[in-house]
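So this first bit is one chain, no partners, the form predicted alone, shown in structure tokens.
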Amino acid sequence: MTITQLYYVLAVAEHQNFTKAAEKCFVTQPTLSMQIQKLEDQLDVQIFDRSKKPIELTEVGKKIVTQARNIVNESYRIQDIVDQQKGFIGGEFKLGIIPTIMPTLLPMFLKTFIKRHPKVKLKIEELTTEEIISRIKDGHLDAAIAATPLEDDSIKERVLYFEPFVCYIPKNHKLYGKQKIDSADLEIDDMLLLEDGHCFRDGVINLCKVFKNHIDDKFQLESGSIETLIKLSNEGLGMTLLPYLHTLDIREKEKDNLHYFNEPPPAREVSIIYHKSELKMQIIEALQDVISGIIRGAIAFQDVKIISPVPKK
């Protein structure tokens, strides 16, 4: 049994196709198939059901893949040990960022990080929290930036900053005249929300649930982007909540619509998250250092009330 054979098994399990897996592994399809067949012969089991289209794992194959992923990850740790010993910060690093953080945070830190660590090849994807957790567990992401806490034992979290919620209230709204907003003022049926799948949406709902015993699951309107929510609010369709960093670039004529909460304001916790196996920690720590340094100048809030992004049942 070899690490290479296990790597091939993981590739086929992911792509459910021998040809695509071979392309991913940069080998010929016959070479990959032969090595997997050798492993199956050695173990005297069938890992894949080749009669199914697409190819499926057998029951024992599912258990083998789980263990193979652990072994392959641990093999990567040897290179990690060498890199850390040499003080090397470089190589490919796959980073996921949730949609409500990507447009504001990425432009703030990316140029600085690239300049400081030119040997790191960042591959960045915008993904939902659910997609991020799945990909970290499968080894397809090295780390991610997301709202926390996620309450997942397989994921480790390092807090980067706390980002307060800010109300965006148009002039025709009943709350527009209030200088400071209380969380108890919020009504979910009057709130423009992001569509299902966004953890910021769940944070807003959880904030309202703290003060309301009953919430109707039918909302007036949902959208896929915060920019669209602002435009809809300007049309008089309701109020919305914005992450604080989104308010820094808001147009001058819209700034009067920003209303802040009484102290302590509700906020989301933003962290860099990664698998408990702690691979590529030198790059994770470098990201944390750059982002934390930059964000200190943008967010001065300390006394906040953290709202969980995990949907409440």
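In this text the structure is predicted, and so the values were computed from the model without any measurement. In case it trips you up, residue 1 is the first one in the sequence shown, and so on.
This next part talks about the form predicted in complex with the DNA, which is not shown.
Novice: Pick from 259-267, 50-58, 278-286, 66-74: which stretch has a heavy atom within 4.5 Å of the DNA in the predicted complex?
Specialist: Looking at the partner contacts, the answer comes out as 50-58.
Novice: Can you tell me whether I250 touches the DNA? I mean in the predicted complex, with a 4.5 angstroms heavy atom cut-off.
Specialist: No, I250 is distant from the partner.
Novice: Does the 4.5 Å heavy atom contact test between S292 and the DNA in the predicted complex come out positive?
Specialist: Because no heavy atom of S292 falls inside 4.5 Å of the DNA in the predicted complex, the answer is no.
Novice: So, in the predicted complex, is V45 in contact with the DNA at a 4.5 angstroms heavy atom limit?
Specialist: Contact with the DNA, no.
Novice: So in the predicted complex, does S271 come within 4.5 Å of the DNA, heavy atom to heavy atom?
Specialist: Residue-level check for S271: no, no contact with the DNA.
Novice: Listed by sequence position, which residues of 22-45 have a non-hydrogen atom within 4.5 angstroms of the DNA in the predicted complex?
Specialist: Heavy-atom contacts to the DNA in the predicted complex: F26, V27, T28, Q29, P30, T31, S33, M34, Q35, Q37, K38.
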